[in-house]
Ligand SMILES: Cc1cc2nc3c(=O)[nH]c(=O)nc-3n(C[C@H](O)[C@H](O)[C@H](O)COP(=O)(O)OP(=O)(O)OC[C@H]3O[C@@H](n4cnc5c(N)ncnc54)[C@H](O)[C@@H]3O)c2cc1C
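Presented as structure tokens, the chain that follows is alone, the form predicted on its own.
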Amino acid sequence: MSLIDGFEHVARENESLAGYTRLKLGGPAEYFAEPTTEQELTALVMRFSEEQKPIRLIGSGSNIVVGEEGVEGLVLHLAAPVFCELSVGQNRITSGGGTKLAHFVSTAVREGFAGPEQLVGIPGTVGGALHCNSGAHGEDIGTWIESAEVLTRSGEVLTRSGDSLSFSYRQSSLDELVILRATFQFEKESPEMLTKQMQKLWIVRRSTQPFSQENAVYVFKDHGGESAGELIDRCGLKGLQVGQVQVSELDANIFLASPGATSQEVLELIERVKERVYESLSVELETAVRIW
């Protein structure tokens, strides 16, 4: 008996994960599922948990490096409409965890909700952004959260109030398997003013970061008030290359993968940059990207 018996309409075995990551690299998932309802999602999680199989969640794949050997267990991809719904209330947005962060940002700006315009240009989903507390320019997504509905690894659905959650730099106490949906509360500002501010930020980000390109990944957390990109640049590492993977010339904290690149080359370049920064500056860089 296969672990996906009864779920063949939404699950499959030995699915390549390369197409689900921004780097377009990596091996297969032992099992891969795209449930279309919360009931299917919960049933899959409970089955694999009972069998003590690893369960992972992949959103836009913007902060993941998957090894060529692939991953054991189940990988969930929540792209179905039920996981990507977004609704607007008075000073509030309720968003599915699978909603694209860009959609969340543009909706907030259109409604005159201040704060999310600072996140323009950051790739990913709302759920992924909450897990790692994505932010920019002194604002992070955890600032506005009112509550979150989550699914645990045992298949239990819980509601977490904003008061019970803690957020810090690129960290969140929202560590459950799935963020099903979250509600955010905002202060009001002029939509026109927010739109202009968002456009300015977008222009700056496009000119200084190569995230408009495919096959790019943001690699390290900032350290001690200095951006990781500045630290790497101070060591003269812009353009450093391992195989077909290179440190960006625009932002040294972004790695670019050219055709023919491998996950192993990404990992080797990460280690080489960490070693050089430590040798030169006695700083131990911590990876922001997740390595599977």
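The first residue of the shown sequence is 1; numbering continues from there. Note that this is a predicted model, so its numbers are computed, not measured.
Omitted from view is the form predicted in complex with the named molecule, to which the following refers.
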Taking the named molecule in the predicted complex, would 103, 201 and 223 all count as contacting it (heavy atom within 4.5 Å)?
no
Answer among 109 to 117, 157 to 165, 172 to 180, 190 to 198 for heavy atoms within 4.5 Å of the named molecule in the predicted complex: the stretch 172 to 180
Any non-hydrogen atom of residue 95 within 4.5 angstroms of the named molecule in the predicted complex
no
Taking heavy atoms and a 4.5 Å cut-off, does residue 57 contact the named molecule in the predicted complex?
yes
Give a yes/no on whether residue 292 approaches the named molecule to within 4.5 Å in the predicted complex, heavy atoms considered.
yes
Indicate whether the named molecule has at least one heavy atom within 4.5 Å of a heavy atom of residue 49 in the predicted complex.
no
Partner-free chain; cross-checking the named molecule in the predicted complex, the single residue of 29, 254, 231, 44 with a heavy atom within 4.5 Å is 254
Only hit among 84, 71, 122, 145 for heavy atom within 4.5 Å of the named molecule in the predicted complex is 122
Residues in 125 to 159 with any heavy atom within 4.5 Å of the named molecule in the predicted complex:
125, 127, 128, 129, 131, 132, 134, 135, 136
